[in-house]
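In the block that follows, a single chain appears as structure tokens, in the form predicted alone.
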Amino acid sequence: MASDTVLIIGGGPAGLEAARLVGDLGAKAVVIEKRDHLGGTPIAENYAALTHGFRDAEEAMDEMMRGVTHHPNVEARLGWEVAASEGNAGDFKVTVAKSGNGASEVLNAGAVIIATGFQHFDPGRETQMYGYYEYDDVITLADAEHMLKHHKFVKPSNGQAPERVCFIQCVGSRDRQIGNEYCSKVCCGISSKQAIEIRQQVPGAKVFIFYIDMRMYGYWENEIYWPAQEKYHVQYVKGIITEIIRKGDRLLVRGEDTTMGRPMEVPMDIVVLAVGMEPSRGTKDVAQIFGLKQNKYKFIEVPHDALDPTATSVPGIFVAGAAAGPKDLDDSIGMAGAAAAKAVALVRRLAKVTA
């Protein structure tokens, strides 16, 4: 007889939403999370506030986590990883292993939802000379989130408040030289959100955003982009940055102002690299374990991401969130709902067939 359990791999926003909805629909959900905590990247990377809406990230994720940990139909297993899988839709036998103690167990599931998310691009792989591992005051969006969360946005090199801060967009995205031709979708919005937060926490700082072109989605335009310029006086400069070097106790940002068509050199105290999304190690691992096709960037391939965005190459296995490619939070939550509904519908249909 087909199993009525839906196994969800990953306890981030998409996995939590999928698990809660599976439970709300009256089916049993089991969440497998390799970390020792739920919440995914927003918690692991100490995000300050979510884009869009500026809602406190920890508060929002706590609410999502309570929706799972207090749900009678949902079981969350922390510190467990998927080790192997066999079977088909309605009767997957998935071996999970407990980190550290060598314990393993076989779980039976009628359907599986992959919600293993993304990881931030490592700027040490960048072909241009941004010096992330060379200069303390070159940081990433994730580093900035951590400082903003603790209301301590200072120069890492000396602990002083910065007078000049800039963001460099598309680090690890839209770059053919490193093979990431795709747009990571969220970096422009997150950079603008952080620029506003920096101006709120360090009112005396001048903030610049160097961009190829700004890509905002939905309400981000009115909620983030225009307020950043009109209320918080963030300066957007269309240009390409090619090099960062140290000059005295500051950083010298070199590149080209493409609007003016001339080279530029601008001193900064902190440079924030707007790093893009890449598939997480977990996404690549589970794709191999479940035999899922991956696209050229190693995200899980969706046969038709417009008409059926949660399908994978294996019947009975669905995908939600950034495991299928760069996604903002809105898209991830929407995919999680669709994946949950389809997974529950599948296990119930198969249960009737095999009853």
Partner chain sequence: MTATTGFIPYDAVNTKSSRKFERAAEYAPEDFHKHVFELEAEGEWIVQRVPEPYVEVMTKYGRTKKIPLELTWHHKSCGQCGHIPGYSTAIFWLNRKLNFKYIDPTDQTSCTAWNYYASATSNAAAQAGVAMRNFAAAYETGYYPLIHCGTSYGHYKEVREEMVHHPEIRHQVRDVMKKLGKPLVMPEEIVHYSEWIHAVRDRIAALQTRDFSSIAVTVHPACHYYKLVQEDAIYDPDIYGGQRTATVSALIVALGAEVRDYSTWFDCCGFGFRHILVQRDFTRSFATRRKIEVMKEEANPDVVITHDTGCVTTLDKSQFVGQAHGLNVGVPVMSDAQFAALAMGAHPYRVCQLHWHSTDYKPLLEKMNIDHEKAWAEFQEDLKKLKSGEKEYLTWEDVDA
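Positions refer to the first chain, counted from 1. Treat the numbers as computed from the prediction; the structure is a model and nothing was measured.
Beyond what is shown, the protein has a form predicted together with the partner chain; the following relates to that form.
Colleague: I need to confirm a contact call. Of M260, A103, A83, M129, which residue comes within 4.5 Å of the partner chain in the predicted bound form, counting heavy atoms only?
Modeller: Flagged contact: M129.
Colleague: Considering E278, E197, D269, E145, which brings a non-hydrogen atom within 4.5 Å of the partner chain in the predicted bound form?
Modeller: After the contact test, the surviving option is E278.
Colleague: Using a 4.5 Å heavy atom cut-off, which stretch among 87-95, 67-75, 280-288, 210-218 contacts the partner chain in the predicted bound form?
Modeller: Going by heavy atoms within 4.5 Å, the stretch is 280-288.
Colleague: In the predicted bound form, does R246 have a heavy atom within 4.5 Å of the partner chain?
Modeller: The answer is yes: R246 has a heavy atom within 4.5 Å of the partner chain.
Colleague: Should P203 be classed as touching the partner chain in the predicted bound form when contacts are defined as heavy atoms within 4.5 Å?
Modeller: Flag for P203 set to no.
Colleague: Classify E230 as contacting or not contacting the partner chain in the predicted bound form by the rule of any non-hydrogen atom within 4.5 angstroms, answering yes or no.
Modeller: No, no contact at 4.5 Å.
Colleague: Can you work out whether Q119 and the partner chain are in contact in the predicted bound form, taking contact to mean some heavy atom pair no more than 4.5 Å apart?
Modeller: Yes, contact at 4.5 Å.
Colleague: Check K185, F299 and H304: does every one of them have a heavy atom within 4.5 Å of the partner chain in the predicted bound form?
Modeller: No: none of K185, F299 and H304 comes within 4.5 Å of the partner chain in the predicted bound form.
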